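The chain below stands alone and is given as structure tokens, in the form predicted on its own.
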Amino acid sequence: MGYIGETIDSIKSIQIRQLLTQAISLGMIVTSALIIWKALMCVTGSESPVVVVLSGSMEPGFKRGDILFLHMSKDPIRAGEIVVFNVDGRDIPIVHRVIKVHERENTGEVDVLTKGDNNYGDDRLLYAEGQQWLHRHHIMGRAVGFLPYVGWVTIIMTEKPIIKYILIGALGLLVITSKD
């Protein structure tokens, strides 16, 4: 019958207890990952403690596919720091360097202007219409470390979803057909 027939026979032979055990194990893995993510959010003070660089705008410092580790403290943001920020109306965060800092005299709050190291001009064209500066609530965190190239897995799965579905299907088939 071949490989497909053997696979179907092995799926039929799985006992309910094995299936429940595998489902509980999978649930525990997913729950553990979520707990670790939430713990990282608390420790780093950032809503997203890890981000992937999606463009070449920060080259040569950070290349597309690098993973950045973020931290957000109450310290004032300074020119030269690399920050990750959200812009109103956009879903994807942006990784750029702070080039100017403007402190408001009446409140003491700091507004920042950013620019990609590989870009010609500042980011005012990326900000929301009429916005000239980023405010503290736009900034998700400061880059404190990075892993080169590891984020390519995320980029490939986002740009070519068929690979993601093939991988999930293969892993699912492996779980279903595995014999303990």
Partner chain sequence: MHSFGYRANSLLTFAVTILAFMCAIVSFSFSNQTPSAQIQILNINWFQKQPHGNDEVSLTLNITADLQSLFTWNTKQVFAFVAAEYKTSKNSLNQVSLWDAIIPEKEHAKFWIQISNKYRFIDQGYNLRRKDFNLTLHWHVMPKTGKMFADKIVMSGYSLPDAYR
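The term rigid core refers to the most C-alpha atoms you can superpose between the two forms while keeping them within 1.5 Å. Numbering follows the first chain given and starts at 1. Remember, predicted model here, so these are calculated numbers, not experimental data.
What comes next is about the form predicted in complex with its partner chain, which is not displayed.
- Although the partner is absent from this view, I92 stays clear of its partner chain in the predicted complex, with no non-hydrogen atom inside 4.5 angstroms.
- With a 4.5 Å cutoff on heavy atoms, F62 counts as touching its partner chain in the predicted complex.
- Its partner chain in the predicted complex comes within 4.5 Å of no heavy atom belonging to W152.
- Its partner chain in the predicted complex is not approached by L40, whose heavy atoms all lie more than 4.5 angstroms from it.
- In the predicted complex, just one residue of 120-139 lies within 4.5 Å of its partner chain by at least one heavy atom: W133.
- Core-superposed comparison between this form and the one not shown: the Cα of R78 travels less than 2 Å.
- If you fit the rigid core between this form and the one not shown, you'll see the Cα of K100 move by less than 2 angstroms.
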